[in-house]
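Before any questions on how it binds or moves, here is one chain, the form predicted alone, in structure tokens.
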């Protein structure tokens, strides 16, 4: 195994020659370990951004749509679905032989208010909301049956203390809204993989709540395929011990572990909470946006070292893992530029704003070794 110093040396060598032709592909380097994916935006999967589309084709063998399959986009009104962009996402994936993920069916965010209300703006009854959930899942999953291979069925239903989030879904339907969502998704495509997706499960209390949820679903007959650890990390959280323990904990439940939204926030924290709650919004401050003119070399190397540690841990647990997906392709289109403070300049991914590999890219590749086992497909 390469030392940290060797990994950083290799990372630096690539950084000094960022325009080398045909850089190695992540999907090839880790083909014996796990799928390597990215969250795509419309400019990428429609080809409007040809350079980033080419980067996706070269580097990745799995894809997740960043937004276009979320309820507010695909089903913006009670009497209207919009499949224009989702159809193009699926066509891009099929043309380029990507393992396609659907994200996400049931979530408390990016779901329009009308979903939970009747024509008079009053809360729906349990029966009416179940019907609405069923029809949405049947329509969306059914449209891509056999084409989208796995679905984030329920997203972020557990609070930081391990209790269940009091979302509109839970308030109106009850705790079994999660069970119903999985049953509806399985009925719509019995062969699709079904996932539960969540952030900050490396924290013990929240992890315990998710374990309880998965066990309950399993006892109710749900064929849940994998847990999605979102992987919104920073330079000093989580520890590799916490990450390894989290992977082991869920693997012992007999399910796979996916890293579904990987990025590393290199900017100062806006609060003391470790979270990926998209509803947070803090006021701008120069002290919280220190790298507007570029990332200092020392931070660039810290990012490379951090990614090397993560992928070393992932490979140590590769037999329990199926997919590593980055939440974005280049730094320029990362959500972290606008969360939890709008207009910041962040550098959380492996490719810079010009689509060129960063030292972190080389550091990740350096963790890949020839390994026995079957290629994931």
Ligand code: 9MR
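Residue numbers count along the first chain shown, from 1. This is a predicted model, so every value here is computed, not measured.
The discussion below concerns the form predicted in complex with the named molecule, not included here.
Looking at 265, 300, 230, 256 here, can you tell me which has any non-hydrogen atom within 4.5 angstroms of the named molecule in the predicted complex?
Checking each option against the named molecule in the predicted complex, the one that comes within 4.5 Å is 230.
Please identify the residue among 269, 251, 278, 208 with any heavy atom within 4.5 Å of the named molecule in the predicted complex.
Residue within 4.5 Å of the partner: 278.
Classify residue 327 as contacting or not contacting the named molecule in the predicted complex by the rule of any non-hydrogen atom within 4.5 angstroms, answering yes or no.
Taking the distances in the predicted complex, the answer for residue 327 is yes, it comes within 4.5 Å of the named molecule.
Give a yes or no for residue 144: in the predicted complex, does one of its heavy atoms lie within 4.5 Å of a heavy atom belonging to the named molecule?
Looking in the predicted complex, residue contacts with the named molecule do not include residue 144, since no heavy atom lies within 4.5 Å.
Taking 4.5 angstroms as the cut-off for heavy atoms, does residue 67 touch the named molecule in the predicted complex?
Output for residue 67 is yes: heavy atoms within 4.5 Å of the named molecule.
Is the gap between residue 107 and the named molecule in the predicted complex 4.5 Å or less for some heavy atom pair?
Flag for residue 107 set to yes.
If contact means any heavy atom within 4.5 Å, which of 170-178, 230-238, 131-139, 212-220 contacts the named molecule in the predicted complex?
So the stretch in question is 230-238.
Given the named molecule in the predicted complex, answer whether the residues 99, 193 and 320 all have a heavy atom inside 4.5 Å of it.
Contact check failed for every one of 99, 193 and 320.
Since the partner is left out here, which residues of 149-167 would have a heavy atom within 4.5 Å of the named molecule in the predicted complex?
Heavy-atom contacts to the named molecule in the predicted complex: 155, 156.
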